[in-house]
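In the form predicted on its own, a lone chain appears below as structure tokens.
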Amino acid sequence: MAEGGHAGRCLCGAVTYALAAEPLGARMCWCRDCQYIASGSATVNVLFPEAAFRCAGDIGTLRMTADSGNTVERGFCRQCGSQIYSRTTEPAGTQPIRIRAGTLDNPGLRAPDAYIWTDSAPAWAPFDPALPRYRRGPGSARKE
């Protein structure tokens, strides 16, 4: 790991990664894809510059069209299935890489700054009233 950086791994340890940068932010995402990934909850994602991410191990990827219309790649461990990251591939270079907070060696590195895709959240979803909520992606209209 680079000095001043961060590291993480999957559940079984077959995939490890290093991040040679500080987080740019963090969000909880309630889009339907994230609810499937997180088995009914939101995903908690810490944002980093994509160029700062280095991964080692047998990582699988899945590309899909997200609710935003962007093509998103999700990286996961082929051994244990842990979700490691998601990144927007089309349009390229438009967003930071989103690292699943629970895979960081320090999962408390950065608390979420906002909730996104809240229109997709179930009625029982817990929201901290101190954090902004966005109906769709991060640039969409806020829910008050």
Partner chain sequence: MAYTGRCACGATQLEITAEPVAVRQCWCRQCQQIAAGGPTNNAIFPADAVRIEGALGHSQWRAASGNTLTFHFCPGCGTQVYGQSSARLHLKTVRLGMIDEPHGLRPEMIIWTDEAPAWACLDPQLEQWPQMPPAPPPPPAP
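Residue numbers count along the first chain shown, from 1. Predicted model, so just to flag it, every value in this text is computed and none were measured.
A second form of this protein, the form predicted in complex with the partner chain, is not displayed here; the remarks below concern that form.
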Partner-proximal stretch of 88 to 96, 49 to 57, 65 to 73, 101 to 109 relative to the partner chain in the predicted bound form, 4.5 angstroms, heavy atom: 101 to 109
4.5 angstroms heavy atom contact with the partner chain in the predicted bound form for residue 136: no
Proximity of residue 83 to the partner chain in the predicted bound form, heavy atoms at 4.5 Å: yes
Contact flag, residue 43 vs the partner chain in the predicted bound form, heavy atom cut 4.5 Å: yes
Distance check, residue 15 to the partner chain in the predicted bound form, heavy atom within 4.5 Å: no
